[in-house]
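Quick heads-up: it's one chain on its own, the form predicted on its own, in structure tokens.
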Amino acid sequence: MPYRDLREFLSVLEEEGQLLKHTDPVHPEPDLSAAARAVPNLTDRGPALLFDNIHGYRRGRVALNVVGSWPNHALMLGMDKDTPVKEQFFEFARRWDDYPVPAERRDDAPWQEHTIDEGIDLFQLLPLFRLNRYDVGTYIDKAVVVSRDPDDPDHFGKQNAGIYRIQVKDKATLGIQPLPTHDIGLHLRAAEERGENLPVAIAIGNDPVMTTVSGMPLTYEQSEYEMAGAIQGEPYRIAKAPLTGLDVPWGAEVVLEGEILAGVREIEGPFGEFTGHYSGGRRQPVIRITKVSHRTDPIFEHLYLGMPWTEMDYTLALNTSVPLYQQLKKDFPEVVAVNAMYTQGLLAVVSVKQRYGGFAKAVGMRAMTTPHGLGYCKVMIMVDETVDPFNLAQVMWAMSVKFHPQHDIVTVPNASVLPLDPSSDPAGITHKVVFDATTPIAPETRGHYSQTVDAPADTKKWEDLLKGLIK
């Protein structure tokens, strides 16, 4: 830590035994997506995959499952690969408090090696392939998309760096899905109100910290680059894209530049999504690419999406949990930890010390109004501060013995949710629910919770002893 680029991180993964290089010939379809699906099916400690012998491409390289396991996530944070998830969560939260760390501007980015202004053909540049059998086409789904607020272009924090699904429609035309709750959705609305196109830069193949932070639900004025600096403990390197002037990751493999066309919408999708279902086709904005910059023999980093768990779940697990934790703790110091790892936080578990009866239910409803909760947090499970929200056995114990179906359900009707939630009806609207599995306290006194069974003396000492012996 910090990693200058994707290549440096792959080298560390190889040293740690967390990278598998596959040099035998493979076909783009279905070999690459099948391999990316297979790894998390087998283990939560799986390696990243690097392919360099792809049929139809003389020098094409594809990296998959780069942060697709807990050891790889720990290495992304610069921690020992055996670090437990809960420890990674609190270390992530500790570094969040160091925000902001000013970015470092550089003018010697590796992606400046080659430039294409005419005859752009993304199918020649990248070994594109479909992820799932009914995808309408090929996608770029792990790139950092950068845009600025047209009404306040000099505000560094309002420059957004986010990850969105991007359909490759032809050699130089893309479709993109910016939701109204996304920062880029706000930028596009402001540009279209002016009757202007929205300039964008798309950085493909980035260091793992930038990828992680770009998927993080920050507030509108928080800079992803300054947060990346906080998470990696050193200023994050950025460089100015030559056509748009947007700030992009210094170490990217490829930088695409162009514009989202004002007022233009075309059918985008279907696409197999993180919900485990296809999204269907919807009319979405269109991007015209007019400039490409790239490194020699760029690595195309891609992300498999489908039924959880996949690399996406590992990548977004803590970068969703930590912002929710920080935003809730700001108002309620009694919040101990947040686990929003399930389907990007459509379901979240919060451990909280209660002030009084009904307090946990109020915290659960507050989570639904955080920036991320507006589109997620459909199901909230509240547990006592003594329950580890990352330990599903403990959470299910609390649900089975603390939760009372008559008293402990709060339903919020017709709330907002992301349209991709297949249960929403109409798309984007759903009921949300809080399950309160905390111990009732005054004035909400009921049940028979006199004395819990604690662990025998010296259990922790024996845990440490046995851990060393097992290892």
Partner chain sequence: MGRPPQRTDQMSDLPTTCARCDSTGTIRVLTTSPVPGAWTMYACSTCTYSWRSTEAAYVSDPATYPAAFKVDPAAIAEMPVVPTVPPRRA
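Residue numbers count along the first chain shown, from 1. These numbers come from a predicted model, not from an experiment.
Just so it is clear, the following notes concern the form predicted in complex with the partner chain, a form of the same protein that is not shown.
Stretch-level contact check against the partner chain in the predicted complex with heavy atoms at 4.5 Å: of 81 to 89, 207 to 215, 108 to 116, 169 to 177, the positive one is 169 to 177. The contact residue chosen from Pro270, Gly157, Pro371, Pro199 relative to the partner chain in the predicted complex is Pro270, the criterion being a non-hydrogen atom within 4.5 angstroms.
The partner is absent here, but in the predicted complex a heavy atom of Glu193, alone among Asp331, Glu193, Glu385, Glu104, sits within 4.5 Å of the partner chain. Residue contact check for Asp408: none of its heavy atoms lie within 4.5 Å of the partner chain in the predicted complex. Proximity of Tyr278 to the partner chain in the predicted complex falls within the 4.5 Å heavy atom cutoff. A residue is said to contact a partner when one of its heavy atoms sits within 4.5 Å of a partner heavy atom; Glu444 fails this definition for the partner chain in the predicted complex, lying far away. In the predicted complex, the partner chain sits within 4.5 Å of a heavy atom of Arg282.
Of the residues in 123 to 141, those that come within 4.5 Å of the partner chain in the predicted complex through at least one heavy atom are, in sequence order, Phe123, Gln124, Leu128, Phe129, Arg130, Arg133, Tyr134, Asp135, Val136, Gly137, Thr138.
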